[in-house]
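One chain is shown next in structure tokens, namely the form predicted alone.
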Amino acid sequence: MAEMYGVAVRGTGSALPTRVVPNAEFTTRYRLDTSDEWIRTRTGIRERRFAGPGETAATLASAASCRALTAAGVTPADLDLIVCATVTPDRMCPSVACLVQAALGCRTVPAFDVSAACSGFLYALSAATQFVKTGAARHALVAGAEVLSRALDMTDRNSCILFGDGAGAVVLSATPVRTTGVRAVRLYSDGTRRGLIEVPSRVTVPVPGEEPPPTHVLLAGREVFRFAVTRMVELIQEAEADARELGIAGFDALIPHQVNQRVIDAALETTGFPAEKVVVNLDRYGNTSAASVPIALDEALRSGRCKPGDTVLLVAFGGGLTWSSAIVTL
């Protein structure tokens, strides 16, 4: 039997567009019937970043990846695999991962994209973990990158206020130590509820007799809220059981998908998970979909909120419907 390795998180990085969009801009620029107070009290978001000219999922992913490689002490030439998570790729083909491979100047290593919406980064992390764990890759780069601002209906105040752009990345490396790195992953999907969160495209087949589908985000807000709270509660409870089986006393931090402060608060109230252990940055970035969790992880490490040796729980949920978790010892 082939040797199985531990999968260490060697380094993290993130990148955000330069343009900051405060809540007030939705009133002054987009003429929406809303306000800074209305958005803050319902979501917890104060501002977000929107990509500008020349900024794409690939450029943001490349910048985040460079920072992760530097933090890991790994060069592009050392990489054996690149996996990117996104629902807003630069183009249908080539993949964002291939564009990152070219931008970094890597060898001709495997590079592919994963599409699982806001759960995408954890899906990509899981895929890369299998490569490293089995010895198929020594060093793997995993990135989540989105430019959802380009898929928003700026007349719909219930959806356009929620999202922002950005990218986060991690470098995974094989290690003989089994009690560090990615310890456990759970992935789920329910395609029967796909209509709750959708981003139709130009290749989406229209329904006969109906207008062509829109090309912006479609969101059933109330149903999505209930789904997110329910799944976050389940993911936390399952992870706590998994941690006990792994001999982990508890989590030093919870890094959730940055979707809505009310969702997070409701899940914490049900589970009893300590609020002081939860990493939240949605007030500054909004919902960055697949980039959400890796951006928050990178900021937590760089700020000292999390440190090497800590065990953190990552949870995410989004379109598909999909939901996922990962237990990681840093």
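Values in this document were obtained by computation on a predicted structure and should not be read as measured data. When you see a residue number, it is the position in the sequence shown, counting from 1.
A second form of this protein, the form predicted in complex with a small molecule, is not displayed here; the remarks below concern that form.
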* To do: Check, residue by residue, if Arg107, Phe131 and Leu172 all come within 4.5 Å of the small molecule in the model of the complex, counting heavy atoms only.
  => no
* Leu219 near the small molecule in the model of the complex, any heavy atom under 4.5 Å? -> yes
* Asked: If you check in the model of the complex, is Thr43 within 4.5 Å of the small molecule, heavy atoms only?
  -> yes
* the small molecule contact at Ser62 in the model of the complex, heavy atom, 4.5 Å -> no
* Give a yes or no for Gly318: in the model of the complex, does one of its heavy atoms lie within 4.5 Å of a heavy atom belonging to the small molecule? => yes
* Asked: If you check Thr88, Ser95, Asn260, Ser115 against the small molecule in the model of the complex, which one has a heavy atom within 4.5 Å?
  -> Asn260
* Structure fact -> in the model of the complex, the residue from Val182, Ile197, Leu81, Ile255 with a non-hydrogen atom within 4.5 Å of the small molecule is Ile197
* Where does the small molecule sit in the model of the complex: which of 29-37, 49-57, 65-73, 267-275, heavy atoms within 4.5 Å? -> 29-37
